[in-house]
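Let us start with two forms of the same protein chain, each given on its own as structure tokens and named structure 1 and structure 2.
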Structure 1
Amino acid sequence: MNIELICSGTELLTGKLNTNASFIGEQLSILGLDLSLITTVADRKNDFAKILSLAKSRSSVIIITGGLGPTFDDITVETVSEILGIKTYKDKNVQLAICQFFEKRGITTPSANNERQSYILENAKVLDNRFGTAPSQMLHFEHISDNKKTRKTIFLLPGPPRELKPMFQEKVIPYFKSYQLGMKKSLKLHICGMAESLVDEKIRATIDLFADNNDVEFSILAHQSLIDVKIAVKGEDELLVDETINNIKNEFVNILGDNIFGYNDDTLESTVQQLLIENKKTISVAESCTGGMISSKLTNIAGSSLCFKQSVVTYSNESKITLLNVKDETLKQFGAVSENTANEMLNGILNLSKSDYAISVTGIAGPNGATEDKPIGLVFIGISYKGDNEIFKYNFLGTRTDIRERATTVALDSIRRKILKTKNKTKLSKGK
């Protein structure tokens, strides 16, 4: 079965990230199905019509995302109507649902433009949208080629991911389950502290064992000091699929050790939080060049109040002195970006917050502020557990944003390792 995805939206061709394509591809992959083609097309009717004409002749299922809104550039329904030769009608139930959607938000009279969204293809099944006004549709249609009729299916789905994702899982997945070919399960391993090339070198022997097995796939992806390794296994026996994934996972854990910080939906910050809560410990953060990014990540997770005590962003020298008691002579002799300042920032936040763990970060993110002996990308990261301070020096590459993101990632990974280290020491001392 050829499944084709058409993503409609000029914004997707001018820099906006298309998360819908990866989401749909992943969801189908779980069922053992694959997208045969993904096309992104601008909100221009002629371009859209050409792509759709090709799709209806070459694919048995067409999924279209976007173009179902109320504005002039939302052309999906009318284009599908013309290319498939199927009329539309005004659905009163859909119109009522749109009015109710606005009433719940205190708007008694929706814009006349929203009326466009109530037009449905004849014989299409309406898929209710719980999160927006654009109703989705599923339609079976006949395509004639060489005097042969073929039954095909088309889905019209909203573009905003917050609307598309629940709708796809609730309304579209059940359709594809009837075509499920066995199953496909996957596991992502998240790694920090190793270069992509070194990770590849370490796990290569294990991957090579499955070189001739088409049911086992591996992929590796690097982003801002983080490495993802994905294991995907297909099969008809769920127990065997699970066993294969678990065996490979155990091999990778033996090889990579604590460099693996989590799996699937885990993040560095969620892992740090979990470790802190499990060990009934608290943390505070003193940031300069990262400007609150570390604190933001840690407090973005529900339950952070159980372990996160305090943070300060001491961007200026004055704030470092007044808030963290960094000595004026330290700043004059060594500078704000130095091992000494990072250490005094650590002591300052620990004294201020009385937390168990602490992080400090000071650096030069650029594009200005560098000197001959202190280049752009120079960052000092401090971590501490009850006064046991460690300061690390890094020279990160990239843009200002890259440097700040890498510093944030490395800081979180450093404190993760510190927690694991102190946790293991505690176990050993209790064992004695």
Structure 2
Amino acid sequence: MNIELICSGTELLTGKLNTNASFIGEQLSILGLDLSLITTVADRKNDFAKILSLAKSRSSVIIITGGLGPTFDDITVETVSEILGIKTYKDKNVQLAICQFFEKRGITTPSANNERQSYILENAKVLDNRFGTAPSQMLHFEHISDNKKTRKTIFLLPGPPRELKPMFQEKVIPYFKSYQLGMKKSLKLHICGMAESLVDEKIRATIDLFADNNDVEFSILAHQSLIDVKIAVKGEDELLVDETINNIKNEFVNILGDNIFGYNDDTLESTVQQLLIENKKTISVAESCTGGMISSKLTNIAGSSLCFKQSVVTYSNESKITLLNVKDETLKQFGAVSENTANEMLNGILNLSKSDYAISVTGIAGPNGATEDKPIGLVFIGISYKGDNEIFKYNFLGTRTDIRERATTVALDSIRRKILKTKNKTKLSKGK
């Protein structure tokens, strides 16, 4: 099966990241299917028509994203109609669904433009869009070349990632699954606290054991301070595939230990949340330079109210004093960015919230605010379990955003390790 992706959208040619392409590529590769080609083309009918003509003859499945919106530059349906020679009709049900979508939002008369979205290709299957007005369409068509007829398939999917992603998973993946022979499964390990090259060095011997085995693939990818190691295994026997993945995983766990913080969809914050809920513990946060980033991560997951009590963003000195009881002398003698301030912020938030664990962060994110002895990137991170405080000092490099993101990641990883350590302690003392 030759699967080709066409992404329509002028913005994708002028700087916007094509996250749909990587999402679709990844989803298909989990199924063991690979995209053969990705073409990004402007919302211009002429350009789009040329690429579609090429795709029609060279690929057996064409996936199109974008160009289903209500405005003048949304040209996917009419171009597909023209190039495949298939008529369109105005679909009553789709029109009704669009009206209902707007009614939910308190708008009774959708704009005339939205009417354009109810045109459907003849014989196409309409795929409902839960998150937007543009319905998706799926169609089989016949391509004739050298007097030979071939049955091909085309998908018309929306461009906005928040519509595309659920649509792809719910409506398109099942189609490919039904066509699949054999299987490919994969497992991602998430690692924090080690450099990519060190991870590579440590697991190299295991990877080399599979050098001659084409059914087993490894990849390693670093983004910010996090490393992903992916194990992919092909085969026809599901039990054997699972066993192979599991054996390799266990080997990596032996080598990398607690540096692995999760698998597949896990994130640092979901791991921290899970550890807290499992141990029936609560957390609170006092942030300065991270400005709410740690809190917003910890509350981004359903169920966070079970473990997250509160946080304060004490940006000004004044608020550090009034909210967290940081001493005026401490700020004067050591400065807002200091071990002492981080420690008092930690005590302050513990007092305020009565939570079990706490995080405090104070630092210089830049580009301004550096002094002779305090460079941009200097960050103090405090973590505590019931008053057992630890303060770490870091010098992060990069832009303001880099520094804030790294501080957030390191703070979450530090509290994760603290929970693991204190959890084991409790177990040990119970065992006595």
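Just so it is clear, the model here is predicted, and its values are computed rather than measured. Rigid core (definition): largest C-alpha set, two forms, superposition within 1.5 Å. Numbering for residues begins at 1 and runs along the sequence of structure 1.
- [ ] Looking at the two shown chains, say which is the form predicted alone.
- [x] Answer 1, the form predicted alone.
- [ ] For residue 389, decide whether the Cα shift between structure 1 and structure 2 is 2 Å or greater, given a superposition on the rigid core.
- [x] Result for residue 389: no, shift under 2 Å.
Open item on the list: Rigid core superposed, CA of residue 272 - does it shift 2 Å or more between structure 1 and structure 2?
Closed with: No; that C-alpha moves by less than 2 Å between structure 1 and structure 2.
TODO: Once the core is aligned, please say if the CA of residue 205 is shifted by at least 2 angstroms between structure 1 and structure 2.
DONE: The answer is no, as the C-alpha of residue 205 shifts between structure 1 and structure 2 by less than 2 Å after core alignment.
- [ ] Once both forms sit on the same core, give the Cα displacement of residue 144 between structure 1 and structure 2 in angstrom.
- [x] Shift of residue 144 at C-alpha, rigid core superposed: 4.6 Å.
Open item on the list: Relative to the superposed core, report the C-alpha shift of residue 155 between structure 1 and structure 2 in angstrom.
Closed with: Superposing on the rigid core gives a C-alpha shift of 2.5 Å for residue 155.
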